[in-house]
Structures are given as structure tokens and as C-alpha cells.
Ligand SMILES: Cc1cc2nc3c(=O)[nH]c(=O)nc-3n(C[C@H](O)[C@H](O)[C@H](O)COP(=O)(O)OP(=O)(O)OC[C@H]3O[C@@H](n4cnc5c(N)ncnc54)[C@H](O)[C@@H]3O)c2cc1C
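Presented below, as C-alpha cells, is a lone chain in the form predicted on its own.
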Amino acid sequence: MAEPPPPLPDQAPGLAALRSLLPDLAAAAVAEDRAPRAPMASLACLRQVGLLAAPLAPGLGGLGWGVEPGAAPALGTALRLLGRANLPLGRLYEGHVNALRLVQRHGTAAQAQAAAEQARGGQLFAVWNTEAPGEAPLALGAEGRLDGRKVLCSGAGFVGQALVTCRAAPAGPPQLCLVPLAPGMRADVSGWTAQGMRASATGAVDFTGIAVAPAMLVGQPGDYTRQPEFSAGAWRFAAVQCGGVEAVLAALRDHLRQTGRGQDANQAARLGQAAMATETARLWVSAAAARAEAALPGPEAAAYANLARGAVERAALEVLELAQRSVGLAAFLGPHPLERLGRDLATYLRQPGPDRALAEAAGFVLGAAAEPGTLWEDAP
């Protein structure tokens, strides 16, 4: 197995800054869930230490998280730490990373520079792709105006730069379009009634009538869904989820310490099983990141990431069940930390297309020439 590229020399300060924020971010998660409200205070913390600029290439004033070979370990750690402290914030930051990554990879030099200036100035980016069932895809009309809306937009109302997919023809490939939005502009979060991720400010955004200048179109039609990057990038949200699993394990351990029940054989067995599943999730994410962020990722990177997202989901559900069984009814009652963590993690696990992702990974395994025991040995 090839050795992964070494970490970039300037990653440690970014991670140190993030680690210093974790207690404040964890405390803010409690308050933001109770309101519920967008994690504005938490985002302000990230802005103050420059983490909104971290996904930028070093030449654009960032740390290269998500665009530079060798940055995957640092980015993976950052996403896990954010997920451990504050899952809604981790979800928003992962979308921010994804958006900046897409602009830098597929946009022009001028677009990348403009996005860098906006990120360094504190603007939050997002990628919004989902259409409401039964509605036509967001259209880019011949007159150069958008027609339609997006739903399940995390950060609706306070994202400053939304990278959305639109289509010049209903059956055409999706075109990325970067739309600047003022606070509260066109956002409706009234329909977000999910039990968890309350502070993610998820809602619908209506883009009808917005004029699209040529400079707002990023890359070519089809770039957004280009493989293997489209599927391989799933490792990033799996990393945030993995952090949530770590938070559940920590809450279980704290409960057993505080109640003095950790020496009970049944409780110890559940804690051990939870620790095993949590580490399994971390190892899957780490390996998927190494493959996805290699200099020239191949189809195996997408297949491995699809398997990783399923492995993280199974580990998360197992750890949640073990923790809730150990803690009992208190795990479903506030203010016990497991009550909020359980809601947030169970909601965030519902990522789109899990069956499709597993089937695609199975198809790769079925057609591979290598024996199962050596299937992944040639990958990073």
C-alpha cells in the first residue's frame, strides 16, 4: 500500500485553533438546539480564528483543506472534531468546504480569487442541490434568469454564497451557479420540523427571477456530478458523522463514570462494543479520505467511499443503541446530552441514496479482477 502524502506544514496551527474552540462550540450547541436558531455564535468563532478560509489553497490564503494533496488527514480531523462538538455546525462547515472546493477545482482563476476574498472576509458558502418532490429542477432560462427553488438547504437565510445546480434543459446535466445572498434573502425554514439538527437552519430558498451573469456560472455542465469525485467526496460528511459517534461514546462513558456503573459486566461490555464500533467508523473514514484525496483518484475511491458511508451509518446506529440501552430512559430526556446527540446524529445519518451507494460499491467489487483480500491494496 502506498504511503499517503505527508501533511502540509501549516496544518497544525489550524487544528490547534479549532481544538481551542471545542468547549465553546459544544456549549453553544446546547443553546442553539433549545432556541432553535442558526449557529451564529459558533460560526463567529470559526471566523475569528480564520477557519472559514482554511479550505482555500495556500496561495489564496488558506490551509489547503480539501484541495491540496496531503491535507486530507487534517481536514478529516477537523470535520470529526466539529461533529463531536456540534453536529449542525459540522454539517454547515462540510458544505462550506465542498463549495469552495468545487469553485477552486472547476472555476476560473478569477472566480477562485473572488471566492477566496469572500471566504477570508467571513462569508459562509454552501452547496444546494435538492429539488422538492414533484417540482421541476431549478431552471436557467434563455433570458438568463433562474426559475425555481431548492429545498433542504442547510444554512438558509445566512449563507452568503450559495453554489446551486441549475439546468438549461430539464434533462440536461446540472450546471453550477454561485449565487450571492443577503441575510434572510428568499429563505423559508418553517418547513424544517425534523427532530434533530434543529440549529442547521435548513429550509427552502426560492431563486425565481435572479439574473445570472456569466461570471456566476462555475465550470461546465456535468462538473458537479463528475466521478469519482462526486461519490468519493462522501467521506467528508461521513467524517462529521463519525465525530457525532465519538460524542455519543463520550457521553456514555461520562454517564458510567458519574453513576459508578462502569464496573458492571453488562455495562462494560456495551462500552467496549461501542468503542469498537466508533473506532471502526474512524478507520473507514480515514482510509476513504486517503483514497479520495489521492493525486489521481480512480473508481475504487468512489466505491470505497460508498462502503465507508454505509459502515459509518451502521457503526453510528450500533453505538446509539448501546448508549441508549446503557443509560436508559434518561437518554431520551433533556438535559441529558444523549437526548440531543441522539436526535442530531439519527437525523444527519439520513443522507440521500444509501441503497444506490451500496449497490454501486457492490458493482465495483463484483467486477474487480483482484481477490477480495487484496481488493484495496493498490490504493493509497
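Numbers follow the displayed sequence, beginning with 1. Not measured: the values here are computed from a predicted model.
Quick note: we don't show the form predicted together with the named molecule, though the next part is all about it.
| message | Quick check for you: of 50 to 58, 344 to 352, 331 to 339, 314 to 322, which stretch puts a non-hydrogen atom within 4.5 Å of the named molecule in the predicted complex? | response | Flagged stretch: 344 to 352.
| field | Partner proximity in the predicted complex: residue 158 to the named molecule, non-hydrogen atom cutoff 4.5 Å | value | Taking the distances in the predicted complex, the answer for residue 158 is no, it never comes within 4.5 Å of the named molecule.
| field | 4.5 Å heavy atom contact, residue 242 to the named molecule in the predicted complex | value | Residue 242 lies outside the contact set for the named molecule.
| query | Would residue 86 show up as a contact with the named molecule in the predicted complex if we use heavy atoms at 4.5 Å? | reply | Taking the distances in the predicted complex, the answer for residue 86 is no, it never comes within 4.5 Å of the named molecule.
| Looking in the predicted complex, any heavy atom of residue 202 within 4.5 Å of the named molecule? | Taking the distances in the predicted complex, the answer for residue 202 is yes, it comes within 4.5 Å of the named molecule.
| query | Are all three of 236, 281 and 305 close to the named molecule in the predicted complex, meaning a heavy atom of each within 4.5 Å? | reply | No, none of 236, 281 and 305 comes within 4.5 Å of the named molecule in the predicted complex.
| request: Could you work out which of 108, 225, 130, 195 is the residue within 4.5 angstroms of the named molecule in the predicted complex, going by heavy atoms? | output: Here the answer is residue option 130.
| request: With the named molecule left out of view, choose which of 152, 212, 139, 249 has a non-hydrogen atom within 4.5 angstroms of it in the predicted complex. | output: For this set of options, the contacting one is 152.
| Of 84 to 101, which residues get within 4.5 Å of the named molecule in the predicted complex if you count heavy atoms? | The one in contact is 91.
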